[in-house]
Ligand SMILES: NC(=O)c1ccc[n+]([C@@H]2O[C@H](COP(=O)([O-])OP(=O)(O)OC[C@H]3O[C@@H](n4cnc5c(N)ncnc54)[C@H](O)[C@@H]3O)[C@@H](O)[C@H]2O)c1
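Next up: just one chain, as structure tokens, the form predicted alone.
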């Protein structure tokens, strides 16, 4: 998808790649409208910036509205001076609590009011709790299922109510849907549910002419996985369990996302694309 080299430092951190310099070009995306949840930082912020660079208007939402406002302001300022962004889209910040069903409906309505339509919805918001299986509390399992699973369902429902045929929904699953990790039982369970929910939504929303797919990232260098970089033993284990022997970057997840939204994937639905450096096979 891109011939931009990605380097790593001795700790396995990937060299950052400007989303605007990834060479995949899908001109049909210009002038479309997307909602991205969990967009204040990490992969969500990279998604919002990458889409806007290609002319997509983005309603970027997060529960932390102050951070979301700062991120949107930064992205818009960057786009204004980016020579590679010929006719960039706008990034508008919004607050969303993905556990509240009505918040998703309000997002969808705002996207339509602000930009005149809704073409894409990226369910990116999620949490990553830790607890050994015997210590998972009722509060923790309830919270992770509410954010990671119900948040995806509510977002997809709102999107489907406002999208026209040809629209696309992308959910964020995880390689953890396929691999067990000690201390992440609640998280792994939630992401397995997202993978299966994606298939169910694809089957039912296909009647509406909508596509629903998922991306299953592995070790991606974001705030959520900072603990890996900060723990030498965890980092060594992570790098040893990834055939490419490095962490991925948010921009490397953006490439598959871009494909799934594009017309090149117009006959692709109900799939989860692993972006994990091959770690699911180890």
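As the structure is a prediction and not an experimental result, all values here were calculated from the model. Numbering follows the first chain given and starts at 1.
The protein also exists as the form predicted in complex with the named molecule; that form is not presented, and the subsequent description refers to it.
- If you check the named molecule in the model of the complex, you find a heavy atom from every one of 41, 173 and 224 within 4.5 Å.
- When contacts are judged by a 4.5 Å heavy atom cut-off, residue 220 counts as touching the named molecule in the model of the complex.
- For the chain shown alone, residue 167 is not a contact residue for the named molecule in the model of the complex, no non-hydrogen atom being within 4.5 angstroms.
- Contact annotation for residue 126: at least one heavy atom lies within 4.5 Å of the named molecule in the model of the complex.
- In the model of the complex, the named molecule lies within 4.5 Å of some heavy atom of residue 62.
- When you look in the model of the complex, the only residue of 199, 114, 97, 106 with a non-hydrogen atom within 4.5 Å of the named molecule is 97.
- Contact with the named molecule in the model of the complex, defined as a heavy atom within 4.5 Å, holds for exactly one of 193, 79, 210, 147, namely 147.
- Partner proximity in the model of the complex, defined as non-hydrogen atoms within 4.5 angstroms of the named molecule, places exactly one of 200 to 208, 184 to 192, 157 to 165, 134 to 142 at the interface: 184 to 192.
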